[in-house]
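Starting off, we have a lone chain in the form predicted alone, written out as structure tokens.
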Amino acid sequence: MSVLALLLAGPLQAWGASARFARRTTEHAPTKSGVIGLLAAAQGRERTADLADLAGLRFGVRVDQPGTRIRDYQTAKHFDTGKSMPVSERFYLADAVFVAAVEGDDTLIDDLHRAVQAPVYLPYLGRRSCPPARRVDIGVHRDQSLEQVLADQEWRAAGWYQRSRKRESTVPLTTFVDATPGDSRNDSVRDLPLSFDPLHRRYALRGVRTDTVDVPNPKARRSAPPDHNPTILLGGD
């Protein structure tokens, strides 16, 4: 088994698990259906293509920088009649950074890795208006579990955000990982994609386990002062 790690960072992101009609909300972190959609698009799959192999991957995400939730609204007119459509709300995460990972068969993970390096359709972070600001691919990991990869990745938050927490030498980061049969505490969300067919999109429930991992803060203030005494140059006793 292998794990493909992805960096999801951009000015805006939107990950809706239950967003419908005129109110399009976003979750606090990337959804499995959103990331599977990104990977399927990178491979060039059509929306009506079979997703069974991608849906079978284990999925997890780490919140490196939670961002700020913002609200926008949109107006539109009907293409044929010219009548005004209902005003719709759009919610986004601004300045958020996440590390996502999928775990599965070596061959499929290698195919996905090649796809994100040279995608057929450009990746976007939940909505087409949300392009990534950094390189999405951060590598394939062999002989490591999904949880290990999320715990071992360096902290990917922006430098200004790391400096804002300079009093902490390590920071706890929240993770959301596909629950396993042995997990007694997990939440269920309708976020397992079965079909992206625009005429009949279908999603099933999946269990999600919430946890935290501690990672070093490279911008942490040093605990001991530097070994430097400028008054020594003045001489004297």
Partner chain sequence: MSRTILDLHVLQTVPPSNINRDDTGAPKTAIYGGVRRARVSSQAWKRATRLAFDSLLDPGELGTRTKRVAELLAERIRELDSSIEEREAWTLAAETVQTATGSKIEVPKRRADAAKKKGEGEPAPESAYLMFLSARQRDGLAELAVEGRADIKAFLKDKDNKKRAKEIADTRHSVDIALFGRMVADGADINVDAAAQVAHAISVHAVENESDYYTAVDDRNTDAEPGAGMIGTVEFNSATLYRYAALDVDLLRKNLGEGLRDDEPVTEPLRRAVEAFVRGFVESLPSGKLNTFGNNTLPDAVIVKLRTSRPISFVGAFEEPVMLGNGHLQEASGRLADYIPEVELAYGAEDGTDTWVLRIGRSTEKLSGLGTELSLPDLVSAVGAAVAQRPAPAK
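Residue numbers count along the first chain shown, from 1. Quick caveat, the model's predicted, so the values are computed rather than measured.
Same protein, other form: the form predicted together with the partner chain, not shown, and the subject of what follows.
The partner chain in the model of the complex comes within 4.5 Å of a heavy atom belonging to Thr68. The partner chain is not shown here, but in the model of the complex it comes within 4.5 Å of a heavy atom of Pro123. In the model of the complex, none of the heavy atoms of Val140 sits within 4.5 Å of a heavy atom of the partner chain. When the partner chain is considered in the model of the complex, Ala14 lies well away from it, no heavy atom lying within 4.5 Å. For the candidate spot formed by Gly60, Thr107 and Arg165, no residue has a non-hydrogen atom within 4.5 angstroms of the partner chain in the model of the complex. The stretch in contact with the partner chain in the model of the complex, judged by heavy atoms within 4.5 Å, is 194-202, chosen from 165-173, 23-31, 49-57, 194-202. In the model of the complex, the residues of 116-151 lying within 4.5 Å of the partner chain by at least one heavy atom are, in order, Val116, Gln117, Ala118, Pro119, Val120, Tyr121, Leu122, Pro123, Tyr124, Arg128, Ser129, Pro131, Pro132, Ala133, Arg134, Arg135.
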